[in-house]
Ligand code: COA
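Have a look below at one chain only, the form predicted alone, in structure tokens format.
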């Protein structure tokens, strides 16, 4: 199994409109894993320029403390707006950019090459700014293999179910069967190429039970995190992705037993009445990674 390019925990990633300093300031205090300052869908067309300046101000304000929260910027799709988004905000040294509507490796490579030029001009460390790609169209799904390998800056694939459903002409349902293939394809390609997989937002803000159920489905499919569109969604999402104390203890004990048997020359071994091999060990390691804990060696 490929090693993840980036081990940072991204369980809940919160969108905040880039044209609202008030909301960005609030987002910085919530303890969310990542905040995504949005310059795309969350901003009206006549507010794009103002939003860029607001995001730049947020990134450079010495009094605005994001703490451990990752500072991401969602730029517009390819074109003049995207170039202007990067030109203004890169000087604030964000931790990464979220690229929407990715349909080809070129969409990633263009942004990566643009960032390299800016990093050289500004004296930044080359490659330090990460990229996360949102897959939200049929073409994006069929080109996943090329997209996932597009550039070393790419550390995560995100799934956008609403745009994808619209693109293929499907009907969005609470059961989400219409997006199961695409949702699974994103996870499979992320895992194959050492990327994190971040699930689509849950858009019914009043249905917390539905959010929890949808997040559980995402975790069962293999996602490591989920996009959030309201602060009230953060805690339920994190709680689903955070293993219980019992799960953590069981995973630690299983890995410790594996290490003991490895030292004695045994590969497969019996533990608590079950035969244990490497897939079970990898599953236990994933539990500890979700909890942000070290793997016993």
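Numbering follows the first chain given and starts at 1. What you are looking at is a predicted structure, and each value in this text was computed from that prediction instead of being measured.
Same protein, other form: the form predicted in complex with this ligand, not shown, and the subject of what follows.
Figure note: of the listed segments 228-236, 241-249, 268-276, 57-65, the one touching this ligand in the predicted complex, with heavy atoms no more than 4.5 Å away, is 228-236. Contact annotation for the candidate site: 3, 193 and 222 all lie away from this ligand in the predicted complex (no heavy atom within 4.5 Å).
When this ligand is considered in the predicted complex, residue 205 lines it closely, a heavy atom lying within 4.5 Å.
Although the partner is absent here, residue 74 sits close enough that one of its heavy atoms falls within 4.5 Å of this ligand in the predicted complex. Contact annotation: residue 286 falls outside 4.5 Å of this ligand in the predicted complex, judged by heavy atom distances. Although the partner is absent here, residue 282 sits far enough away that none of its heavy atoms falls within 4.5 Å of this ligand in the predicted complex. Annotation for 36-68: interface residues with this ligand in the predicted complex are 38, 42 [heavy atom within 4.5 Å].
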